[in-house]
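We begin with a single chain expressed as structure tokens, specifically the form predicted on its own.
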Amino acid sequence: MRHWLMKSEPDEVSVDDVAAMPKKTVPWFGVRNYQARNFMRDHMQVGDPVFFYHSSCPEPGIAGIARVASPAYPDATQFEKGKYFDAKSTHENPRWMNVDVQLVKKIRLVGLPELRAHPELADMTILQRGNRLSITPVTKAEWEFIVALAAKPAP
């Protein structure tokens, strides 16, 4: 079992949006980075735990705990005219994949400044300078530390 952090802009899809969806499940669409796509396609397994991270917002941070709820399958948005359209992708040879993600629970926001304040998380991919990936692996130690941190009141 691997652990993941998946970023979503809350104005696109937030933890609260997913909580209101049928089965609290959303297709993780619109990923247009090959490394992030490969994580979904080649490494994610149904049941893998996920931190649901709000990005590109006034208070970025981990807002929920989720799980991978499906194997990877072609992202339908690559075929639709709009923000995520890819003219080079075909139904026979799709370039982009997604997985379904199911919210397990909303947690108190563990913000970026709080994550940065803990030396135990210094090597966490999301905290590395220049990291822009929307999906990153999380070590078991990082996962356990953050889950415990989220259970405490905000500082």
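Since the model is a prediction, treat every value here as computed from it, not as a measurement. Residues carry their position along the shown sequence, with the first being 1.
Another form, the form predicted in complex with the DNA, is not on view; read the next lines as being about it.
Residues with any non-hydrogen atom within 4.5 angstroms of the DNA in the predicted complex fall in just one of 65-73, 97-105, 47-55, 117-125: 47-55. For the candidate set A19, L133, A141, V147, a heavy atom within 4.5 Å of the DNA in the predicted complex is found for exactly one residue, namely L133.
Looking at K88, you'd find a heavy atom of it within 4.5 angstroms of the DNA in the predicted complex.
Contact check for N33: a heavy atom falls within 4.5 Å of the DNA in the predicted complex.
When the DNA is considered in the predicted complex, K7 lines it closely, a heavy atom lying within 4.5 Å.
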